[in-house]
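There is one chain below, alone, in structure tokens, taken in the form predicted alone.
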């Protein structure tokens, strides 16, 4: 396990470069993001451990970062002052572009993985904005009417956008639809809906709505989305059946889940980072759907468990909230990076934890 210390700054987000297997970006904030500066680290994995290749200081906290899909040296940040900034790591100190349209903290930025010429930002002000890096202003605004913690483009379509927020709903927008009254909104799925009961089984207990903090699209199954948040449960949904409830429910975390990410190598595997200071690797059960997946011991052990998924392993080396986790796209499957409020970035092999 490799470690890097973000001295004086608490990590909020970590992302592997889509171009280099040895480059990682970390968005961080002083004083746990409550007040003070932010710092964007660009880290290199070397034979001598993790080294800081570059860092940029910002006037306000940084809550998220994402690499450009079009330019290997550029990356975006989401700022606590409502700004979205584009940095080029070949240049010194200042961003090459900065946009200031959001009225509250920006909590997520995400690059379009298919078209590669647009990106989005989502904010506590209840909007998602779509941008072109060459345009001085946003090219579209999608109202969500809720504090939006996480937003993303589908990795399978250049025009489908999803988000989750404080009202416990997963929203899906399709930019190909007419703007009209719905502002491209095509789906609004209540995350807290209990799953459909199994044949002959009692209905699962109902759950109160809770803030959803994170979500991610499956990289292989283009209609499957994972969500997680304050109620400690990781859920997966199939947007072909929006009213059917979750297809898998994965209990286990002891506090809120701050980040989920599907594996780029395995269609049934995802990873989560939580305020319980652990990062956990899960199978959603899709690879073994059917009677074999229904382990009666699991069903007796936790009434919330649904869909045949299970925890494959956990990494408990963080000593404060684990806030960010990401998979490496390259090389042997299973390498991950995580960051947290303990001012540390850890790089580790999930396969070593999987049972």
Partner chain sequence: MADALCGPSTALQTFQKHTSVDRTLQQDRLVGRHSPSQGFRSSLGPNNGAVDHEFEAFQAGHALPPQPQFQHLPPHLARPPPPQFAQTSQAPDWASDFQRLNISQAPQIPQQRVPAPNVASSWHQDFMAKQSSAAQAPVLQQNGVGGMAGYGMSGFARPGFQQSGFGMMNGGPLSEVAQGKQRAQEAVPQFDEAAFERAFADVQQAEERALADTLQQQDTHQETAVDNSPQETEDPALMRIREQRPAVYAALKIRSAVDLQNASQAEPYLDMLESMETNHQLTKDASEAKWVIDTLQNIAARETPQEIKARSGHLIRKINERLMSTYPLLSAPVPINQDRIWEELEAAGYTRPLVPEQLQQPQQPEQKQEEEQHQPRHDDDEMAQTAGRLLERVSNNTSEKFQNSQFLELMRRLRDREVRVEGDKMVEVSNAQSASSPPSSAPQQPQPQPTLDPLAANLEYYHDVSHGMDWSWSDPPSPAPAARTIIPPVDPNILDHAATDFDTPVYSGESHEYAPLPHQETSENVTDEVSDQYSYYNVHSTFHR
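Everything numeric in this text was worked out from a predicted model, so none of it was measured. Numbering follows the first chain given and starts at 1.
Absent from the display: the form predicted in complex with the partner chain. The rest refers to it.
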Non-hydrogen atom contact residue 283 with the partner chain in the predicted complex at 4.5 angstroms: no
is_contact(residue 209, the partner chain) in the predicted complex, heavy atom dist at most 4.5 Å: yes
Residue contact check: residue 178 to the partner chain in the predicted complex, 4.5 Å heavy atom: yes
Contact of residue 143 with the partner chain in the predicted complex (heavy atom, 4.5 Å): yes
Sole residue of 238, 216, 276, 88 within 4.5 Å of the partner chain in the predicted complex, by heavy atom: 276
In the predicted complex, the one of 223, 98, 159, 188 near the partner chain [non-hydrogen atom within 4.5 angstroms]: 188
One stretch from 325-333, 42-50, 59-67, 305-313 that, in the predicted complex, holds residues within 4.5 Å of the partner chain by heavy atom: 59-67
Stretch 312-336 - residues with a heavy atom within 4.5 Å of the partner chain in the predicted complex: 316, 318, 319, 320, 321
